[in-house]
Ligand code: PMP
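Given as structure tokens, the chain that follows is alone and in the form predicted alone.
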């Protein structure tokens, strides 16, 4: 690390020193309007001195899907993006929990109209430290926002389009101004959709229940992992169906999940206490299992981890 940022980043097919990656100010707003990205995390294992990236290929596959939906040309393969990310992490000597952010945007868009289709692709991958909160005891008190989740007829909610995130940002700001930790968004049909930047899950009557992707949620990679772990390791029946707002008030447990949120318990919704008001049993078990999987301490789901090779690099040096 050099100061407060990594030594290198990857930009348009070339790894370069951080200070050399500059863009003209007139490109800034235009490049982000149609931008899509991925949020990916690597987790450090102190015992093995290795960094493990969680579901790297799945994230890059989704990035390509996102680029397709916003009509960005795909100029790099998934394998090329994976190799670039792993090389970047090794060369930055990432030896702590780390966030990896590939960003694809319209390049050379200065002075062009908002509706213009991207003629060329700009592609950035950068990294920064992001410590895990899984063992912190963090729990949220949330409210159902007055803002409605975007629908598939407005913008594609199933992908990580930067423009989508203004929707959740408004909901988060409203919730925080009202004294809550976060927000939940309903679909235009009045069903539970997701939280800003996270999917919603509830445990009720022995089932793990979560909204389907057709209720305006991101096609979440973490959500898929949590559903798999709940079904296979906890023996919980997993149900994907629409959820009414009032069902959340009666749930035994509620939690949020996503790359940034990991598994974050929700203990209060609209001033209704969820369950006992403490982190629930199933939520706690999922948190512990998830952390072991992320850090390479659990052999189940080992295929979800990509070792970066930091340990081998150090040994060779």
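Numbering follows the first chain given and starts at 1. These numbers come from a predicted model, not from an experiment.
Same protein, other form: the form predicted in complex with the named molecule, not shown, and the subject of what follows.
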Among the candidate stretches 267 to 275, 59 to 67, 244 to 252, 281 to 289, which one is within 4.5 Å of the named molecule in the predicted bound form when only heavy atoms are counted? 59 to 67
Of these, 172, 187, 220, 127, which has a heavy atom no more than 4.5 Å from the named molecule in the predicted bound form? 220
Answer yes if any heavy atom of residue 194 is within 4.5 Å of a heavy atom of the named molecule in the predicted bound form; otherwise answer no. yes
Is there a heavy atom of residue 31 lying 4.5 Å or less from a heavy atom of the named molecule in the predicted bound form? no
Give a yes/no on whether residue 208 approaches the named molecule to within 4.5 Å in the predicted bound form, heavy atoms considered. no
Whether residue 198 contacts the named molecule in the predicted bound form should be assessed with a 4.5 Å heavy atom distance threshold; does it? yes
What residues of 248 to 262, in sequence order, lie within 4.5 Å of the named molecule in the predicted bound form by heavy atom? 257, 258, 259
